[in-house]
Structure formats: structure tokens, C-alpha cells
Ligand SMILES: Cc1cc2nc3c(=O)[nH]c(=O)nc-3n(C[C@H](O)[C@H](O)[C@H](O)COP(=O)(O)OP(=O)(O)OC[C@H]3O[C@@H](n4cnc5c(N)ncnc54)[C@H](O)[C@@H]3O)c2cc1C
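To begin, one chain is listed below as C-alpha cells, in the form predicted on its own.
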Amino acid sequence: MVDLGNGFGFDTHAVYNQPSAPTDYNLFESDSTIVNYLHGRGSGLDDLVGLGELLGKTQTIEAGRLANEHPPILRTHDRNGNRIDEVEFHPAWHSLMTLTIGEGVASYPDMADTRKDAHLKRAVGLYLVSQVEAGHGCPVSMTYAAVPTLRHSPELAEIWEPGFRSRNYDFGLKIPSSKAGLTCGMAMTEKQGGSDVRANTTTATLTASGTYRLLGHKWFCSAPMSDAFMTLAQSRNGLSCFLVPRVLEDGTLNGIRLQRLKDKVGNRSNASSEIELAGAVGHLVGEEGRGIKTILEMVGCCRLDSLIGAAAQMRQALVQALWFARRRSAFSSLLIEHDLMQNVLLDLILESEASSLMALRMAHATDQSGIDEGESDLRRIGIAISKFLVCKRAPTFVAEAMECLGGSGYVEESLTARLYREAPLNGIWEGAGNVNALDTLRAMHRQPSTVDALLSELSKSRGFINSYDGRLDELEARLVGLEVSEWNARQLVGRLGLLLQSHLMIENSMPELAAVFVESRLGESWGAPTIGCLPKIPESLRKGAIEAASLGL
């Protein structure tokens, strides 16, 4: 046996040149993109520094692994045959929910909240926790997003909003008013319609008490263990939005039957289910027949969180690649010292930075949308554009980062495997690529002011890089005349996304790195080529950029 000096060894070889996984680092302080962005806005950082340190601890990272290794289990009946419709989770899931809700990541800012950048800082919190474990971000996101929709019915909001905004995690089937905190899920799609929710057949019948009885099914119910759901059903005046509790105030279970949990490609820690609504009691939210308009406020917030989640996955995949390349030797040098690996890593760094800046900018627009019409218009069109592009890029990005680890990244012991399975999800949830492309077109035609807001934002970076100015002129000519067809929607939205990313890089990144990003995405042809095809860059610049992205790793 080879003596390793620590009691471990094999009969045939010693184990060396095998980097350990990233651990005991600060997820916030090591991310110069978000630190610099918040510094530039004068936002306080103390709470995020503490959260970043907590999330980087070995036990927190291990909780993320355990929550996925032990997925939820559906218990439809007890031993006596009584219907219970409960979902069991591993303790690691509950520890992550306690942490994240306790940090306020599920809490929609109060109407009277005077904190600077409340939505932005909450978005950074979600960005950080999603890097450790993405699945629990689903109920967290929907609880946050439910509040603006709920406010369409002030009487309901008065009852439910304090629980949704609470920083207490209180799991279990209990009377809502008795709980220290509440979570909210969403159940929109049905078998026959999917994203086409106007095809929904679930019915809602008004009762003498003023509540409704819902009868039908939902093909995807996200987070079925939640205390209530926002859902859509056909009432006498058309498709309407309803809040449906799991437990009624008299302590009885509502008529929500969990049929089965979805066996998903990724997102294994989280429960997604098929449900039947068997006369379930529902409370009307907003006006009858205005259900889509009402619930779209929730969908809009969830789309922002899908964008944030995709950017978070890209950042964590980059962390894994940088950590490994700084410690793994090949061909007589560390991986990170090879020119070709530096090309790949620098391209990943630029793509991650641009994607994170998109998420941060849209969160900032959310903060400003209540007081600035231009920011509201930018948010309306910008989230659809940003979600389309970043969620499309995430799977390719994670695959490239995985390659940096080689075979070590393609095994389930590596976090990159979980990231790879998770990567396509944000592009599907809350509207797949086609839905967001069409939503962008819809905003352009129905709210032309959104085009003005977007062009105003993009024009801030004129005069710095010629290729940027030329591409902006090209698209501005198309947008002014609204020369847009459904056939070319993806092309247009993708190019608008690249322009928005380029603008944000010019505005926030090192000028030399912004120029590299812009030329590689907008130069000779539109779009990003295969990662790792950047032009020759001075060694000092690329090493400095890699070092900055590796701070604390």
C-alpha cells in the first residue's frame, strides 16, 4: 500500500492532483460583479456579506446536496385510508427554507418600504441562495411574486399578505391564521392547453357565501406543499384568478387532491405535482373575467426570478470551473496557466458578468417602476428580452464550464452535474423562449412606450464602441417602424438582448473587457460564437480579469 502519511491509500497508487470542491468561501464577496454594482448604487452590503459567508459554509453546501439526494415523497393517504395529501421533505430542505425565508428573500417589499433598492437587494439574495440549491427557490419566488397579484383584492391582501411577507418558515398543514408564516404556490396550466391558459376547462361556481367552488385539474402545480395557490378557472364572466387555500379556517382540508409528483430532469429537491380540484373553495382575486391580466403580475415577478436563477447557475458553474482550473495540473502546468483555457474561462467570465448585470438591472427597474414610467416600461419589455436570452444561454454555458472539469464534472458527486440538469428549467418555467419572444412583440405593439424606454436605455452607451453604435442604428431603424414579424421574433429578441448586455457591460465593466465582449458579440456577425473563441487579448488583461473573477476562491 502507498503510504500517504494520513492513514489512507491504495495498493496501486497515491491520490493527488484532485482538487476538492469549493467550500468555505463567501459567495457575495467573491463576486465582483454584484459587489461593484451595489457599491455603485450606494447600497448597504453588510447583510449580504453575512449571507454570502453563511451560504459558502460546508454545512450549507451539504444541505443543498442532501435536499437533492433525498427528493420529496407524496403521501396521499394515512394508514387508515384517510386522504391527507401531504408532501414529506428531507430536513435539509427545511433548513434551506428556514435560512432563505429568514433572510427575507420570499418577502415582497411593503408598499411603504423606504429601504433603498429593496427589490434589488432581495434579488441578490435569491441569486446567492440559488447557487447553493435552486429547487427551494421555487416556493420562495412564488411567495414573493404572489403579493402584487393579491393586492388586486385588498380585503384578501389584508388577511394573507402578512403571512406571505413573514420571515418565519412554518411548514405543515395548519389553519393559515394560526401560522407564523405562509408560502404560496401557483397552478395555471392544464393538460390540454399548457401555456395557452385560455384553453383551461376548470370551472369556478359562485356560492351564497361569496366564495367559489373550483372543479377541474391542473397539469403542473408548483410547490403543492404551499399554504395556498394562485390559479385560473372559468367563472360566469370568463377566465378568472383565484386564491385557493390548502387548509380552510375551520381546520378541514380543502378539496385539493395531489395525484402524483412530477419526475423531473432536475429541480429534484422541489415538489411539482398534478392536482385535481374537487370542489375546492377559492377566493376571487381581482375582477371576474380578468384572470390573465391579474395573475400576470405574479408571472412577471416569477420571470424576473427565472432570469436571476439562470444568472446564478451560470455564476456557480463559473466558480466550479475557476476553482478547479486554479488547482488542477495538466501537461506540466496548472490548467489556468494554459492560453486556450484562459480563453475559455475569460469568455465564461464575460458571459456570466453580462447575464448577472441584466438580472441586476431588471431588479433595479422593478424598484423604480412604481415612481418612474420609463423604468416601468423598461421592466415590462426588458424582463421578457432578458429571460429569453439568459435562459437560452445557460445550458450551453454550464456545459462549457463542466468541460473545464472534464470527467470529474460529469459525475453526480460534482455540483456541475446538478447545475447541468437544472439549467434548462428557467427557460421553460414562466414562459418558454417562444412565449417570451411573443410577449416582447406584444409589448411593442400594445405599449409603444416600451420601445422608447428600451431605446433610451440603449442610447446611454452610444459613442464608446463603433460596432455597438452600428448595431444599435440597425435595430433602431427596425423598431421605429415596428418592422417585426412573428417569424423573426427570436432573432430580434436575441439581438435586443445582446445589445442590452453590451450596454450594461459598457456602463459597468472595465472598458477593455467591455470592448472584448461587444466585439465578440456584435462585431463581424450577430451572436456569441462557440465559447473560447475570443480574439487575442494582452496577457495582463486576461490574467487580471480572471483573478478578479476568482477573488476569494
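These numbers were taken from a predicted model, which means no experiment stands behind them. Residues carry their position along the shown sequence, with the first being 1.
Keep in mind that the form predicted in complex with the ligand is not shown, yet the notes after this line are about it.
Just to confirm, with a 4.5 Å cut-off on non-hydrogen atoms, which of 334, 175, 428, 156 contacts the ligand in the predicted complex?
Partner contact (heavy atom, 4.5 Å) among the options: 428.
Which pick from 264, 478, 75, 236 sits with a heavy atom within 4.5 Å of the ligand in the predicted complex?
It is 264.
Candidate stretches 100-108, 433-441, 83-91, 375-383, one within 4.5 Å of the ligand in the predicted complex by heavy atom:
Flagged stretch: 433-441.
Test of understanding: in the predicted complex, would residue 202 fall inside 4.5 Å of the ligand by heavy atoms?
Residue 202: no contact with the ligand in the predicted complex.
Interface membership of residue 222, the ligand in the predicted complex, 4.5 Å heavy atom rule:
Yes - in the predicted complex, heavy atoms of residue 222 and the ligand come within 4.5 Å of each other.
Please run the contact check for residue 166 against the ligand in the predicted complex: heavy atoms, 4.5 angstroms, yes or no?
No, residue 166 sits far enough from the ligand in the predicted complex that none of its heavy atoms falls within 4.5 Å.
4.5 angstroms heavy atom contact with the ligand in the predicted complex for residue 195:
Judged by the heavy-atom cut-off of 4.5 Å, residue 195 is in contact with the ligand in the predicted complex.
Is any part of 178-194 within 4.5 angstroms of the ligand in the predicted complex by a non-hydrogen atom, and which residues would that be?
Heavy-atom contacts within 4.5 Å come from 186, 187, 188, 189, 193, 194.
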